[in-house]
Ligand SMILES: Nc1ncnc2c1ncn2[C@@H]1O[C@H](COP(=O)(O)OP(=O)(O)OP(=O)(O)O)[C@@H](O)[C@H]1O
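In the form predicted on its own, a lone chain appears below as structure tokens.
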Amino acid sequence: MSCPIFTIANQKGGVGKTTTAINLSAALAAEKIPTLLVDMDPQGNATSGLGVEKEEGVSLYGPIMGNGKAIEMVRETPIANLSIIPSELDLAVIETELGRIDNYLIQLRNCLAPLKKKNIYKAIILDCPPALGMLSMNGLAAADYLLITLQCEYLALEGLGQILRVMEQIKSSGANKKLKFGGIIMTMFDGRTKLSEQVVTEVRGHFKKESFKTVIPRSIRLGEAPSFGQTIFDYDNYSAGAKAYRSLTKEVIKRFSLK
């Protein structure tokens, strides 16, 4: 069986999407699960957050547009069992160029298919931009599972409904009939406020099975780590954030039978 592709998405920025992509990937790797993180955000925060230098011509821009292969873009990271396909600014151009191509929604899926079939990795994680544009839509069309990061704040459910509608549109269009809702990861939880508790209760009330039990706390340490090119485990292994991402990773491994 080929490895599952997980797309981590949310049309809103600042909800812990890239932080989750980085630390979930690193924690899976620490469990000796060979993992590939694909940075699909032109800002390249997942790339720099893992301490990988940004270079020209190493993103998926070329392979998606029919030039080169995805496997040629894979780079090693400082973490054992974790590889990355970096991002660079040229990915931003895809937002306009993909629309001119036939079957534009499945270009990323076609690009990743040969790499997926090689079974080099046990998990592939796509970090999408904070917008429901061409790159995120391609990420959904390429994925086996959608993971949504949801900030514990007011109006969170409104944004959740939007991305779930887009997921259903991707399925009904035929671009990816097999796409499944993998789960909701609640982030930036502040136990000092009633609002965070209310959001968690409401989300679990609507999506009991899909919601992960682990909630990711609001944490200065989690925010600081990427600026040093480190995961939370390298930056502060005993922090609440590190503990939470280890717990989330155990849930992910169990839910998707990654071991």
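Predicted model, so just to flag it, every value in this text is computed and none were measured. Note that residue numbering begins at 1 and tracks the sequence as displayed.
What comes next is about the form predicted together with this ligand, which is not displayed.
The shortest heavy atom separation between residue 159 and this ligand in the model of the complex exceeds 4.5 Å.
Contact annotation for residue 43: at least one heavy atom lies within 4.5 Å of this ligand in the model of the complex. The closest non-hydrogen atom of residue 130 lies within 4.5 Å of this ligand in the model of the complex. Residue 188 belongs to the set of residues with a heavy atom inside 4.5 Å of this ligand in the model of the complex.
Of the stretches 57 to 65, 219 to 227, 193 to 201, 206 to 214, only 219 to 227 has residues with a heavy atom within 4.5 Å of this ligand in the model of the complex. Residues from 54 to 91 do not approach this ligand in the model of the complex: none has a non-hydrogen atom within 4.5 Å of it.
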